[in-house]
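Shown below, as C-alpha coordinates, is a lone chain in the form predicted alone; questions about how it binds or moves come after it.
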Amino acid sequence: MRIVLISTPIGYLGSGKGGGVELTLNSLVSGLLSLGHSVEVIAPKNSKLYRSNEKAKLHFVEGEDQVSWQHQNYNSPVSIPNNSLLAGMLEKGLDIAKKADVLLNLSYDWLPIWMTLNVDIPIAHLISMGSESSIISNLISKVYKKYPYNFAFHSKTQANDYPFIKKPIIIGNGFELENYIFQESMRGPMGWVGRVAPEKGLEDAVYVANALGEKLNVWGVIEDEKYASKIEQSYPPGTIDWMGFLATDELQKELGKCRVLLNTPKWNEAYGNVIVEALACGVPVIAYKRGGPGEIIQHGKTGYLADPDNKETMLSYVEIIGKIKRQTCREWVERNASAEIFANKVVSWLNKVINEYK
(Lines give C-alpha, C1' and ligand atoms only; values in the text may rest on other atoms or scores of the structure.)
Protein backbone atom coordinates (compact mmCIF):
# COMPACT_ATOMS: atom_id res chain seq x y z
CA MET A 1 0.00 0.00 0.00
CA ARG A 2 1.22 3.53 -0.79
CA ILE A 3 0.11 5.92 1.93
CA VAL A 4 0.43 9.72 2.05
CA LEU A 5 0.21 11.32 5.52
CA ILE A 6 -0.65 14.94 6.29
CA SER A 7 0.89 16.11 9.55
CA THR A 8 -0.48 18.61 12.07
CA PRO A 9 -0.47 22.25 10.87
CA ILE A 10 0.61 23.42 14.34
CA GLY A 11 4.40 23.44 14.55
CA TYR A 12 6.99 21.40 12.71
CA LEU A 13 7.66 17.78 13.66
CA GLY A 14 10.14 17.86 16.50
CA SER A 15 9.02 21.22 17.91
CA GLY A 16 6.66 19.75 20.50
CA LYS A 17 3.93 22.22 19.51
CA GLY A 18 1.93 19.53 17.75
CA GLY A 19 1.48 17.58 20.97
CA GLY A 20 0.61 13.91 20.73
CA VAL A 21 0.13 14.01 16.94
CA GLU A 22 3.91 14.23 16.48
CA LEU A 23 4.48 11.01 18.38
CA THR A 24 1.51 9.28 16.74
CA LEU A 25 2.79 10.13 13.27
CA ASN A 26 6.32 8.86 13.91
CA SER A 27 5.09 5.65 15.53
CA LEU A 28 2.66 5.04 12.69
CA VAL A 29 5.28 5.65 10.00
CA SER A 30 7.62 3.23 11.76
CA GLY A 31 4.95 0.55 12.02
CA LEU A 32 3.82 0.95 8.41
CA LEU A 33 7.37 0.75 7.10
CA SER A 34 8.02 -2.41 9.14
CA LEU A 35 4.98 -3.98 7.47
CA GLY A 36 6.38 -3.19 4.02
CA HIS A 37 4.19 -0.25 3.05
CA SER A 38 5.37 2.87 1.21
CA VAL A 39 4.94 6.10 3.19
CA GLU A 40 5.24 9.77 2.26
CA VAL A 41 4.75 12.54 4.83
CA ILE A 42 3.63 16.12 4.17
CA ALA A 43 4.83 18.32 7.02
CA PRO A 44 5.87 21.90 7.89
CA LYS A 45 9.34 23.10 6.96
CA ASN A 46 12.08 22.04 9.41
CA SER A 47 10.22 18.86 10.37
CA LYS A 48 12.26 15.79 11.22
CA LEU A 49 11.22 12.15 11.43
CA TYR A 50 12.84 9.56 13.70
CA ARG A 51 16.07 8.13 12.31
CA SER A 52 14.35 4.76 11.99
CA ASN A 53 11.88 6.36 9.55
CA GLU A 54 14.44 7.45 6.95
CA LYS A 55 12.79 5.28 4.28
CA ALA A 56 9.71 7.52 4.41
CA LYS A 57 9.83 10.42 1.96
CA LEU A 58 9.35 13.78 3.67
CA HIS A 59 7.83 16.73 1.77
CA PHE A 60 8.12 20.22 3.27
CA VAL A 61 5.53 23.00 3.08
CA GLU A 62 5.87 26.60 4.30
CA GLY A 63 3.05 28.75 5.60
CA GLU A 64 1.25 30.15 8.61
CA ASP A 65 0.17 27.76 11.38
CA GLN A 66 -3.47 27.11 12.16
CA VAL A 67 -4.82 28.21 15.54
CA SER A 68 -5.50 25.12 17.65
CA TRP A 69 -9.17 24.36 18.27
CA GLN A 70 -8.27 23.72 21.92
CA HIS A 71 -7.85 27.46 22.28
CA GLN A 72 -11.00 28.56 20.49
CA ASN A 73 -14.65 28.71 21.44
CA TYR A 74 -16.78 25.68 20.55
CA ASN A 75 -18.90 27.88 18.28
CA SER A 76 -16.02 29.79 16.69
CA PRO A 77 -16.08 30.11 12.89
CA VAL A 78 -13.44 28.46 10.72
CA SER A 79 -10.40 30.71 10.33
CA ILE A 80 -7.94 30.10 7.49
CA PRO A 81 -4.87 32.36 7.70
CA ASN A 82 -3.25 34.06 4.75
CA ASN A 83 -0.60 31.75 3.26
CA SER A 84 -2.22 28.86 5.13
CA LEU A 85 0.17 26.03 6.04
CA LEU A 86 -2.71 23.55 6.19
CA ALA A 87 -4.01 24.54 2.75
CA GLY A 88 -0.50 24.16 1.33
CA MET A 89 -0.03 20.73 2.93
CA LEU A 90 -3.42 19.58 1.69
CA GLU A 91 -2.72 20.81 -1.85
CA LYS A 92 0.61 18.97 -1.98
CA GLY A 93 -0.88 15.88 -0.33
CA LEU A 94 -3.72 15.65 -2.82
CA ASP A 95 -1.30 15.99 -5.73
CA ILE A 96 0.96 13.18 -4.46
CA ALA A 97 -2.04 11.03 -3.51
CA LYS A 98 -3.16 10.88 -7.16
CA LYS A 99 -0.56 8.11 -7.52
CA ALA A 100 -1.13 6.61 -4.05
CA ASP A 101 -3.79 4.40 -2.48
CA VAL A 102 -4.97 6.72 0.26
CA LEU A 103 -4.37 10.11 1.89
CA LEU A 104 -4.31 9.89 5.70
CA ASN A 105 -5.02 13.19 7.46
CA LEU A 106 -3.80 13.69 11.04
CA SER A 107 -4.85 17.33 11.39
CA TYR A 108 -8.03 18.18 13.31
CA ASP A 109 -9.44 20.89 11.10
CA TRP A 110 -12.30 21.74 8.79
CA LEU A 111 -10.54 22.06 5.42
CA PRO A 112 -9.27 18.48 4.85
CA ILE A 113 -12.57 17.01 6.09
CA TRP A 114 -14.55 19.28 3.76
CA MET A 115 -12.26 18.31 0.88
CA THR A 116 -13.30 14.67 1.36
CA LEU A 117 -16.64 15.53 -0.27
CA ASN A 118 -15.02 17.34 -3.18
CA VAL A 119 -12.38 14.96 -4.56
CA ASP A 120 -12.42 11.32 -5.64
CA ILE A 121 -9.20 10.50 -3.78
CA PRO A 122 -9.75 8.39 -0.63
CA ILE A 123 -9.10 10.63 2.40
CA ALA A 124 -9.03 8.97 5.81
CA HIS A 125 -9.09 11.03 9.00
CA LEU A 126 -7.55 9.94 12.29
CA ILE A 127 -9.38 12.28 14.67
CA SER A 128 -7.01 13.49 17.38
CA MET A 129 -9.48 15.25 19.69
CA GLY A 130 -12.95 15.03 21.12
CA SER A 131 -15.58 17.39 19.78
CA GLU A 132 -13.91 20.81 20.13
CA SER A 133 -15.81 22.60 17.35
CA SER A 134 -19.48 22.55 16.41
CA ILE A 135 -18.72 23.32 12.77
CA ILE A 136 -16.22 20.44 12.51
CA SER A 137 -18.55 17.99 14.27
CA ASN A 138 -21.38 18.95 11.92
CA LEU A 139 -19.10 18.45 8.93
CA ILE A 140 -17.92 15.04 10.19
CA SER A 141 -21.58 14.06 10.49
CA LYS A 142 -22.20 15.12 6.88
CA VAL A 143 -19.16 13.28 5.50
CA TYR A 144 -19.95 10.20 7.61
CA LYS A 145 -23.29 9.75 5.83
CA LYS A 146 -21.46 9.31 2.51
CA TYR A 147 -18.24 7.70 3.76
CA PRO A 148 -18.95 5.84 7.04
CA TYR A 149 -15.46 4.32 7.26
CA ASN A 150 -13.40 7.48 6.71
CA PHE A 151 -12.99 8.36 10.41
CA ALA A 152 -11.10 6.52 13.14
CA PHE A 153 -10.61 7.36 16.82
CA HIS A 154 -8.05 6.65 19.52
CA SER A 155 -10.51 5.67 22.27
CA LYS A 156 -14.17 4.83 22.89
CA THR A 157 -14.54 7.82 25.20
CA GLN A 158 -13.29 10.13 22.47
CA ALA A 159 -15.62 8.59 19.88
CA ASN A 160 -18.57 9.11 22.23
CA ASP A 161 -18.17 12.84 21.59
CA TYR A 162 -19.53 12.07 18.12
CA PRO A 163 -22.79 10.21 18.93
CA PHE A 164 -23.93 10.18 15.30
CA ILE A 165 -21.17 7.64 14.53
CA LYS A 166 -22.94 4.41 15.40
CA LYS A 167 -20.05 1.95 15.00
CA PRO A 168 -16.85 3.95 15.58
CA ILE A 169 -13.52 2.52 14.47
CA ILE A 170 -11.25 2.50 17.53
CA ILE A 171 -7.54 1.99 16.81
CA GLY A 172 -5.79 3.14 20.00
CA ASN A 173 -2.21 4.24 19.43
CA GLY A 174 1.24 2.70 19.09
CA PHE A 175 4.82 3.21 20.26
CA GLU A 176 8.27 2.10 19.13
CA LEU A 177 9.09 0.04 22.21
CA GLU A 178 12.82 -0.14 21.53
CA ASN A 179 12.82 3.63 22.12
CA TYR A 180 11.73 3.11 25.75
CA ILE A 181 14.07 1.60 28.35
CA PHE A 182 12.51 -0.20 31.31
CA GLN A 183 13.78 1.10 34.66
CA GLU A 184 13.24 -0.13 38.23
CA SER A 185 13.12 3.27 39.93
CA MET A 186 10.94 2.62 42.96
CA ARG A 187 12.30 5.61 44.91
CA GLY A 188 12.46 8.21 42.15
CA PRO A 189 10.69 11.58 41.94
CA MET A 190 7.17 12.33 40.77
CA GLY A 191 6.76 13.42 37.15
CA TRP A 192 4.28 15.27 34.94
CA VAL A 193 4.47 15.52 31.12
CA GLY A 194 2.48 17.64 28.70
CA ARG A 195 1.95 21.01 27.10
CA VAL A 196 1.81 23.55 29.92
CA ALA A 197 -1.66 24.97 29.26
CA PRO A 198 -4.87 25.24 31.37
CA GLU A 199 -6.59 22.20 29.85
CA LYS A 200 -3.76 19.98 31.10
CA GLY A 201 -4.38 20.77 34.80
CA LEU A 202 -0.76 21.01 35.98
CA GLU A 203 -1.83 22.90 39.11
CA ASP A 204 -3.43 19.74 40.54
CA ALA A 205 -0.21 17.76 40.21
CA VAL A 206 1.74 20.58 41.88
CA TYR A 207 -0.80 20.56 44.72
CA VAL A 208 -0.09 16.86 45.31
CA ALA A 209 3.68 17.37 45.26
CA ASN A 210 3.45 20.28 47.69
CA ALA A 211 1.18 18.34 50.06
CA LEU A 212 3.85 15.60 50.19
CA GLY A 213 6.66 18.13 50.60
CA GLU A 214 8.24 16.97 47.34
CA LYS A 215 9.42 18.43 44.07
CA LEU A 216 7.55 17.78 40.81
CA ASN A 217 9.54 17.27 37.61
CA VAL A 218 7.63 18.89 34.72
CA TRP A 219 8.47 18.15 31.07
CA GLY A 220 6.85 19.92 28.14
CA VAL A 221 6.50 23.08 26.09
CA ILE A 222 5.28 26.04 28.16
CA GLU A 223 2.47 27.09 25.87
CA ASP A 224 0.88 29.57 28.30
CA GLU A 225 3.50 31.60 30.18
CA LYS A 226 0.95 33.42 32.39
CA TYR A 227 -0.64 30.14 33.43
CA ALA A 228 2.75 28.61 34.28
CA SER A 229 3.80 31.69 36.25
CA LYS A 230 0.56 31.74 38.23
CA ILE A 231 1.03 28.13 39.32
CA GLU A 232 4.67 28.71 40.25
CA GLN A 233 3.77 31.74 42.38
CA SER A 234 1.05 29.78 44.22
CA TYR A 235 3.51 27.33 45.79
CA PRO A 236 6.85 27.49 47.63
CA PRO A 237 9.92 28.13 45.43
CA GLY A 238 11.40 24.94 44.02
CA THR A 239 8.17 22.91 44.14
CA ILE A 240 8.24 22.76 40.34
CA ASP A 241 11.38 21.67 38.52
CA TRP A 242 10.89 22.89 34.94
CA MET A 243 12.65 20.32 32.75
CA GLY A 244 11.61 21.75 29.35
CA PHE A 245 10.58 19.88 26.21
CA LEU A 246 12.64 16.81 25.40
CA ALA A 247 12.56 14.59 22.33
CA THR A 248 11.44 11.00 22.96
CA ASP A 249 14.91 9.52 23.38
CA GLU A 250 15.93 11.95 26.12
CA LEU A 251 12.47 12.15 27.71
CA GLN A 252 12.15 8.42 28.28
CA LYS A 253 15.54 8.29 30.01
CA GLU A 254 14.44 10.90 32.54
CA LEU A 255 10.81 9.80 32.78
CA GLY A 256 11.88 6.23 33.55
CA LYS A 257 13.61 7.45 36.72
CA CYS A 258 10.26 8.56 38.19
CA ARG A 259 8.37 6.40 40.66
CA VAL A 260 5.04 7.73 39.37
CA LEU A 261 3.58 9.91 36.62
CA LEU A 262 0.66 12.20 37.51
CA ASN A 263 -1.86 12.92 34.74
CA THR A 264 -4.36 15.68 35.50
CA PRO A 265 -6.33 16.71 32.37
CA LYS A 266 -9.26 19.11 32.69
CA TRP A 267 -10.73 17.91 29.41
CA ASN A 268 -11.34 14.57 27.68
CA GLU A 269 -7.97 13.46 26.34
CA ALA A 270 -8.46 11.52 23.11
CA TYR A 271 -5.92 8.92 24.22
CA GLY A 272 -3.06 9.85 26.54
CA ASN A 273 0.30 9.25 24.85
CA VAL A 274 2.42 10.26 27.84
CA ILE A 275 0.64 7.65 29.96
CA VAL A 276 1.71 4.85 27.65
CA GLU A 277 5.22 6.30 27.35
CA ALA A 278 5.51 6.17 31.14
CA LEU A 279 4.15 2.62 31.30
CA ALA A 280 6.65 1.56 28.62
CA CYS A 281 9.44 2.71 30.95
CA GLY A 282 7.85 0.82 33.85
CA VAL A 283 6.44 3.94 35.50
CA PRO A 284 2.94 3.52 37.02
CA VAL A 285 0.45 6.32 36.39
CA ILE A 286 -2.14 8.04 38.55
CA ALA A 287 -4.67 9.88 36.38
CA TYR A 288 -8.13 11.36 36.48
CA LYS A 289 -10.72 8.99 35.07
CA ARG A 290 -11.47 11.30 32.18
CA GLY A 291 -11.10 10.55 28.47
CA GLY A 292 -8.64 8.03 27.05
CA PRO A 293 -6.62 7.53 30.27
CA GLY A 294 -9.66 5.88 31.84
CA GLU A 295 -9.45 3.15 29.20
CA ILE A 296 -5.67 2.71 29.29
CA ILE A 297 -4.88 2.44 32.99
CA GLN A 298 -5.79 -0.82 34.73
CA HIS A 299 -6.75 0.36 38.20
CA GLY A 300 -4.61 -1.34 40.81
CA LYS A 301 -2.41 -3.07 38.19
CA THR A 302 -0.68 -0.37 36.11
CA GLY A 303 -1.66 2.61 38.25
CA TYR A 304 -4.74 4.22 39.77
CA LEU A 305 -7.70 6.22 38.47
CA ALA A 306 -9.08 9.06 40.58
CA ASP A 307 -12.42 10.76 40.07
CA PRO A 308 -12.01 13.87 37.88
CA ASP A 309 -10.50 16.83 39.75
CA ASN A 310 -10.25 14.89 43.04
CA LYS A 311 -6.77 15.93 44.13
CA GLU A 312 -7.09 14.35 47.56
CA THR A 313 -7.77 10.91 46.10
CA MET A 314 -4.82 11.32 43.76
CA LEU A 315 -2.68 12.21 46.78
CA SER A 316 -3.76 9.06 48.63
CA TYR A 317 -2.85 6.91 45.61
CA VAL A 318 0.66 8.38 45.45
CA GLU A 319 1.22 7.10 48.97
CA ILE A 320 0.51 3.48 47.89
CA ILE A 321 2.08 3.58 44.42
CA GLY A 322 4.75 1.11 45.54
CA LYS A 323 2.12 -1.66 45.35
CA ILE A 324 2.18 -1.47 41.54
CA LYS A 325 4.63 -3.84 39.83
CA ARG A 326 6.59 -1.88 37.26
CA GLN A 327 7.08 -4.93 35.02
CA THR A 328 3.28 -5.22 34.70
CA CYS A 329 3.21 -1.68 33.29
CA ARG A 330 5.72 -2.54 30.56
CA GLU A 331 3.98 -5.80 29.71
CA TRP A 332 0.66 -4.01 29.14
CA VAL A 333 2.27 -1.78 26.50
CA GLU A 334 3.93 -4.74 24.78
CA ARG A 335 0.56 -6.51 24.50
CA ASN A 336 -1.58 -3.53 23.54
CA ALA A 337 0.31 -0.55 22.13
CA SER A 338 3.36 -1.47 20.04
CA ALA A 339 3.93 0.38 16.76
CA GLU A 340 3.29 -2.85 14.82
CA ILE A 341 -0.02 -3.56 16.57
CA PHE A 342 -1.10 0.03 15.88
CA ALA A 343 -0.02 -0.08 12.23
CA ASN A 344 -1.92 -3.33 11.63
CA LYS A 345 -5.10 -1.73 12.99
CA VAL A 346 -4.56 1.32 10.77
CA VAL A 347 -3.98 -0.81 7.65
CA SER A 348 -7.15 -2.79 8.34
CA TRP A 349 -9.07 0.48 8.65
CA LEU A 350 -7.51 2.05 5.53
CA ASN A 351 -8.50 -0.97 3.46
CA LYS A 352 -12.13 -0.30 4.41
CA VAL A 353 -11.73 3.33 3.35
CA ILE A 354 -10.19 2.39 0.00
CA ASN A 355 -12.94 -0.16 -0.70
CA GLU A 356 -15.57 2.59 -0.39
CA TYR A 357 -14.14 4.24 -3.51
CA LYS A 358 -14.18 1.14 -5.74
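The structure displayed is predicted, hence computed values, not measured ones. Throughout, we count residues from 1 along the sequence that is shown.
Omitted from view is the form predicted together with uridine-5'-diphosphate (UDP), to which the following refers.
Novice: Given that uridine-5'-diphosphate (UDP) is not shown alongside this chain, does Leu251 nevertheless sit within 4.5 Å of it in the predicted complex, heavy atom to heavy atom?
Specialist: Yes, contact at 4.5 Å.
Novice: Using a 4.5 Å heavy atom cut-off, state whether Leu23 contacts uridine-5'-diphosphate (UDP) in the predicted complex.
Specialist: Close contact exists here: in the predicted complex, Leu23 approaches uridine-5'-diphosphate (UDP) to within 4.5 Å, heavy atoms only.
Novice: Spell out, yes or no, whether the shortest heavy atom distance between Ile140 and uridine-5'-diphosphate (UDP) in the predicted complex is within 4.5 Å.
Specialist: Result no; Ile140 lies far from uridine-5'-diphosphate (UDP) in the predicted complex.
Novice: Taking heavy atoms and a 4.5 Å cut-off, does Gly19 contact uridine-5'-diphosphate (UDP) in the predicted complex?
Specialist: Output for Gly19 is yes: heavy atoms within 4.5 Å of uridine-5'-diphosphate (UDP).
Novice: Check each of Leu246, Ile165, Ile222, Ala211 and return the one that places a heavy atom within 4.5 angstroms of uridine-5'-diphosphate (UDP) in the predicted complex.
Specialist: Comparing distances to uridine-5'-diphosphate (UDP) in the predicted complex, the residue within 4.5 Å is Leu246.
Novice: Identify, from the list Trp267, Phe182, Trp242, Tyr149, the residue with a heavy atom within 4.5 Å of uridine-5'-diphosphate (UDP) in the predicted complex.
Specialist: Among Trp267, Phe182, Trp242, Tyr149, a heavy atom within 4.5 Å of uridine-5'-diphosphate (UDP) in the predicted complex occurs only for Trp267.
Novice: If we take heavy atoms and a 4.5 Å cut-off, which stretch out of 225-233, 102-110, 192-200, 119-127 is in contact with uridine-5'-diphosphate (UDP) in the predicted complex?
Specialist: Among the candidates, contact is made by 192-200.
Novice: Considering only 261-286, what residues come within 4.5 Å of uridine-5'-diphosphate (UDP) in the predicted complex, judged by heavy atoms?
Specialist: The stretch 261-286, when checked against uridine-5'-diphosphate (UDP) in the predicted complex, contributes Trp267, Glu269, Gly272, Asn273, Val274, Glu277 at the 4.5 Å heavy-atom cut-off.
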